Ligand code: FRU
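Before any questions on binding or motion, here is one chain by itself as structure tokens, the form predicted alone.
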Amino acid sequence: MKTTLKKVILTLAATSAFSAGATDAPPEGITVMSLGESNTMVRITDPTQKYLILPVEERVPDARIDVLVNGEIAHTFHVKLACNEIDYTVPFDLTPYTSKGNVVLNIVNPIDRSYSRDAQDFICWEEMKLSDSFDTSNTEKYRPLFHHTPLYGWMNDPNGMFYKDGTWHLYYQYNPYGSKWQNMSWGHSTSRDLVNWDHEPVAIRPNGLGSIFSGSAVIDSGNTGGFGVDAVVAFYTSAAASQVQSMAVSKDGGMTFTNYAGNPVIPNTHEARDPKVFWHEGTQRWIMMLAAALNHEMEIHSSPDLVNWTYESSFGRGYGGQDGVWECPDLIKLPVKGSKKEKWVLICNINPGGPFGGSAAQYFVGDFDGHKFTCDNAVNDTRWMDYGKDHYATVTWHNAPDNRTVALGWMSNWQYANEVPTMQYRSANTLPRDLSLFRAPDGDLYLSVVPSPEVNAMRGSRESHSAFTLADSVSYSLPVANDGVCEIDLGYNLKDAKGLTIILSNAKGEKVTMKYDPRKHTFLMDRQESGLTKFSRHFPTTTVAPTLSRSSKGTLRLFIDRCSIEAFDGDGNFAMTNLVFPKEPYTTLTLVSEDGKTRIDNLDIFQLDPALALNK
């Protein structure tokens, strides 16, 4: 999915938004008042400018900023105000406050002598600026071309996703004041094609109940809540001293929300979060899945009206991965391929405890009667939606068209999400994926994950190679357009070989090595030499997936973006998502047949361009 870097109202007039040099001139329209070694006030003396441009230095602690309007606190947020040097800048929108009166920012900087002198000497006071605009032009070499990213700032879990009137709505955990986790709000993007995204204003901001953590949204077509036919009702966790569940209502199709006056709707007595709500036809009630994070359980609540909730049951104690915390649940009914049957799947994101460390998404197959989920898996049977390191917080869209179940994940890992080598923004979403179930040779049902068909609309020119027999190795050049982003479709038959190795490499010797092992029935991806890896000891990794097939034949789809590789079995038997940060794009594809001959049934290399999807 391409992030269309739509500038909306943001283009910085007089200075670059993501670089700044020191100046001795005092900021125009701003009065800076030092009150001591850690406290500073900034008075806005020019109320006609839209943004206060804040310089950020990532290595320093967060400063707390209380926005005072006529002496009353109107808003509080945190930002890493630059002390010694400026990494980038972020905009703070003043218009909701300057329109109401006199605005003063009361700023408290934690003083740590290991990085700083007194707050009055910080570089940020010289470099703060007022502006009517803010430049959002991409400055990052690793910003993906066809995956959704925030325009600027930090992003993690996808939230509140729904489809309505031809538009896919994606909300997400968002920090608009820096590219590390903080100030959790719901950012918002929309798409007509699941590939190109427009950036919308922040949908839900922190309030008196706390930060806005993850959740979901539904379209109340039956007006069960009394908010109006087709009202969009969002549920999220309010996180402060406690975690409680809150609600907000939109009457304009999800563009703006009003918090429900009776929040919280579920005042939990224990740590619980990430409400996922859906309508259950059998009981004619709304169901809320809620992660009891530390108990390793998913709670089930029901309601006739979205407001009054009844606890029904819990599932999970002792099942599957039990490390870390359980988060971001989803409960979906899926068709079983090749039959008329359907089964329920409970998605449970877990951190840490993934198969290769850190974050991951596990799932359970079973039945749901509107009150209780019953699992078909053995208690100690752990199954993963994706066998890479960078697939987490995965949930599905409400009301997807054509009875599809479409999922989206956060493409990162909590082990290093704050350290990846970008600053203008951090984190992307995975490709959208359509879900179903299939029966494997062992007789059990497993999750089938395939790229959503909308991504095919990005395909441009194709280099095709007809069937041939591979005795040793062969190499091909990859597209150079758009920094080498491409899709590789490979059909293979390993009947007479002990393995097939697939290598993506560049002139610097950086490479990603993938391998099919027909004896172990596995597919692996090794990114230990993929490029930049030393920013975290947890990053250099080899990940391995079961192919869940006994056939020697198969197909593989590889999607290569500027900072990621997503591998999909052609039949949906496995998916593997891994970030990579090559210093130069990968330019060569090499296929190596090991100890015998491999039949290559087809090899197609597509250039990918999200702009092509706009015309289809």
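All residue numbers are counted from 1 along the displayed sequence. Being a predicted model, the structure only gives us computed values, none of them experimental.
Note that the form predicted together with the ligand isn't included here; everything after this is about it.
At 4.5 Å between heavy atoms, is N196 in contact with the ligand in the model of the complex? Output for N196 is no: heavy atoms all beyond 4.5 Å of the ligand.
Counting only non-hydrogen atoms and a 4.5 angstroms cut-off, does A360 reach the ligand in the model of the complex? Contact check for A360: no, nothing within 4.5 Å of the ligand in the model of the complex.
Is there a heavy atom of D274 no more than 4.5 Å from a heavy atom of the ligand in the model of the complex? The answer is yes: D274 has a heavy atom within 4.5 Å of the ligand.
Find out whether any non-hydrogen atom of M514 is located within 4.5 angstroms of the ligand in the model of the complex, and reply yes or no. Contact with the ligand, no.
Just to confirm the contact call: exactly one of 536-544, 324-332, 311-319, 118-126 touches the ligand in the model of the complex at a 4.5 Å heavy atom cutoff, so which is it? Selected stretch: 324-332.
If the cut-off is 4.5 angstroms on heavy atoms, which of these, F92, Y260, W181, Y416, is the one near the ligand in the model of the complex? Looking at F92, Y260, W181, Y416 one by one, just W181 meets the 4.5 Å heavy-atom criterion.
Heavy atom within 4.5 Å of the ligand in the model of the complex - residue from N175, S250, S131, N156: It is N156.
Counting only heavy atoms, which residues in 120-137 are within 4.5 Å of the ligand in the model of the complex? Heavy-atom contacts to the ligand in the model of the complex: nothing from 120-137.
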